[in-house]
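This document opens with one chain alone, in structure tokens, the form predicted on its own.
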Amino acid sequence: MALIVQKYGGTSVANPERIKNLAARVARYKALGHKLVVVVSAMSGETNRLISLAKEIMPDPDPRELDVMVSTGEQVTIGMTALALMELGIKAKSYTGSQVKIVTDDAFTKARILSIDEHNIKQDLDNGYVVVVAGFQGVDTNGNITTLGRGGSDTTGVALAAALQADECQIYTDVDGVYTTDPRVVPEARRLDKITFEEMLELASQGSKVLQIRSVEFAGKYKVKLRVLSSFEDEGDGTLITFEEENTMEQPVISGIAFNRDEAKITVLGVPDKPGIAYQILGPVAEANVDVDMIIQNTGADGTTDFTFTVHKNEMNKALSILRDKVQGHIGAREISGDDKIAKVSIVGVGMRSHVGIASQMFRTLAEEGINIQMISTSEIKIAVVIDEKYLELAVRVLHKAFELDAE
């Protein structure tokens, strides 16, 4: 008998029929004697619908009130899921994030979990209940409803698994595991039986939509065994995310290719090349809670430097406004510009550690297709490049073939 946390995404609870299918799957696990916590997202499209409603009232909605609105999506699905389980004769009880006491900070719309009170859940599990928890949401220390940002239900599931010391956290989605890249872009993409936490973390951070990066960080930090499965297939083991590199002698050089269409590039030209200039540029941006991804700095012979960084596409105008209002005159920048017609492509693999020439192979492959590289970022197991967005799918296809990811 094991304690299992199962998380189901929006497509898995898109309508009553799918919720009934979810309940039937949970019933099969329950019949095997397992203790189960089920974390559910809002119905597919519901969060977007609620955000649109808010914007009809206020074009730039107040974050606190927006969280109050969008958190209702999960409240509907936990009730429906509990009812579906009861209809099958299974004892079930639903909890919102605040009822569990998933305590977060007060960064509305993208809060971070601080603590979880698992006492009531453990008591219910011991009493034979299946506990159904609303993903994506929590409550701050002042009692305000908060949400964890897009994909936050994954984080809820992994955080609960960590707090409960679950044997496994199963993430059910509309795909049957982690693929070498998005099969919609490269039909030859293969499902991976296993992948390391390091690789999954890099893939998630570089744009892979299978798992939210914070959920992978949680799982790695608290050693939560993680498995990605399809909610539409009864068979299959999905992809296991492991803590150790196994069979390193046969480890492929590259395990996967991630891409991200949601970034924008901001360039600050002609600023003085002196200590502290990077902080003067990025400090006000960080204070406005805008996340910065890739950064490059080029110093010229005239004593000035050009500073380029990427942010989420939706936050480009906010970042530009901050820089022009608070930074440009203060540091004497010649020009500040933004470009939201870019995309990021990343190759990831622990095999990079023991192989040379990976970067040159990637750059040569792109050059042969006439694809210009605008920015480069590397880590021990990742190389990421920024390119013109119109070349994104071509870049992913040729890199997938160049690194033989379509081979068994």
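Source: prediction; values computed, not measured. A residue's number is simply how far along the shown sequence it sits, counting from 1.
The following text describes the form predicted in complex with aspartic acid (ASP), which does not appear among the structures shown.
Here is the short version: of Thr146, Ser153, Thr310, Thr81, the single residue with a heavy atom within 4.5 Å of aspartic acid (ASP) in the predicted bound form is Ser153. Only one segment in the set 53-61, 38-46, 373-381, 358-366 has residues whose heavy atoms sit within 4.5 Å of aspartic acid (ASP) in the predicted bound form; it is 38-46. Put simply, Glu74 is close to aspartic acid (ASP) in the predicted bound form: some heavy atom of it is within 4.5 Å.
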